[in-house]
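Here we start with a single chain on its own, the form predicted on its own, put down as structure tokens.
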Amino acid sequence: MLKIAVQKSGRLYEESVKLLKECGIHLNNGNKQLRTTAENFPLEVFFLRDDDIPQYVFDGVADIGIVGENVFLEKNKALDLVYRLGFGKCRLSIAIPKEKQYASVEDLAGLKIATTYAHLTQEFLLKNNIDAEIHEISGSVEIAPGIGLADAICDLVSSGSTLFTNGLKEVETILSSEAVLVATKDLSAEKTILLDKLLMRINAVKMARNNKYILLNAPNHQLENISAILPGSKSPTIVPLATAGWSSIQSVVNENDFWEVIEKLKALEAEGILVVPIEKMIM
């Protein structure tokens, strides 16, 4: 049985559980159990503090874990980064009081920087040959400059609203982070097979999220042009319509290109464009 550690609460919990459910894995986590077994897949789930997940995987208590990339890199454990999951996106940034002047990273020299991420902050300072003092604290980092504990902070930023509320401005981004799937380096052959099965499901879910299924009608004289912008997984499906000179076209469009593709299709006389969400996409 494969053992996975996920966050028990916080910003990654809901998305992690949602992902497992979209992979067809049924969990019974009533009454906030800290340990449960899937009903229809050989998977045992541990619900842990985010900061503890890399250690549990490193120690072999769990085989794999879903954790913020920022935590994975900060804990600096010898684990394999198996898959970038695409949710929980944020950045680790240095911020200073908004009234302070800032021209370049050299302006951090001599400052006291409060952070929960001492390892990553130190790496950034060393990389840029900056001599600054790191003051490691466990929480409420954003208030440190306001109470005189530090001159600057290094903390996670999503929207930036917390920084704004506390009179801070973002000046340097150390890391762009997202949820990642990590694994122990000592995974057995049997568990590697189970992990590969899980990854196939995760990839199918992620590809479905990133793509839309599109159906449209178009005149036959535009089929070659439309096919050039609608390749699908290999090529679009084209079916003749009862109306002479017209065909129905079916394909897949990446979410990032969607509106640009729609505009091109309209310019090529496409009609009756229907867009359908994809539940799973297996290549």
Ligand code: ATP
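When you see a residue number, it is the position in the sequence shown, counting from 1. The structure displayed is predicted, hence computed values, not measured ones.
The form predicted in complex with the ligand is left out here; the points below concern that form.
Full three-residue contact with the ligand in the predicted complex, heavy atom 4.5 Å, for Gly10, Asp50 and Lys89 = Yes, the whole candidate spot contacts the ligand.
Position in contact with the ligand when the complex is considered in the predicted complex, options Val141, Ile96, Leu85, Val71, heavy atoms within 4.5 Å | For this set of options, the contacting one is Val71.
Which one of Thr165, Ser188, Ser158, Ser104 is close to the ligand in the predicted complex, taking close to mean a heavy atom within 4.5 Å?
-> Checked against the cut-off, the match is Ser158.
Going by a heavy atom distance of 4.5 Å, is Phe124 a contact of the ligand in the predicted complex?
-> No, Phe124 sits far enough from the ligand in the predicted complex that none of its heavy atoms falls within 4.5 Å.
Answer range among 42-50, 249-257, 235-243, 213-221 for contact with the ligand, defined in the predicted complex as heavy atoms within 4.5 Å | Heavy-atom contact with the partner occurs in 42-50.
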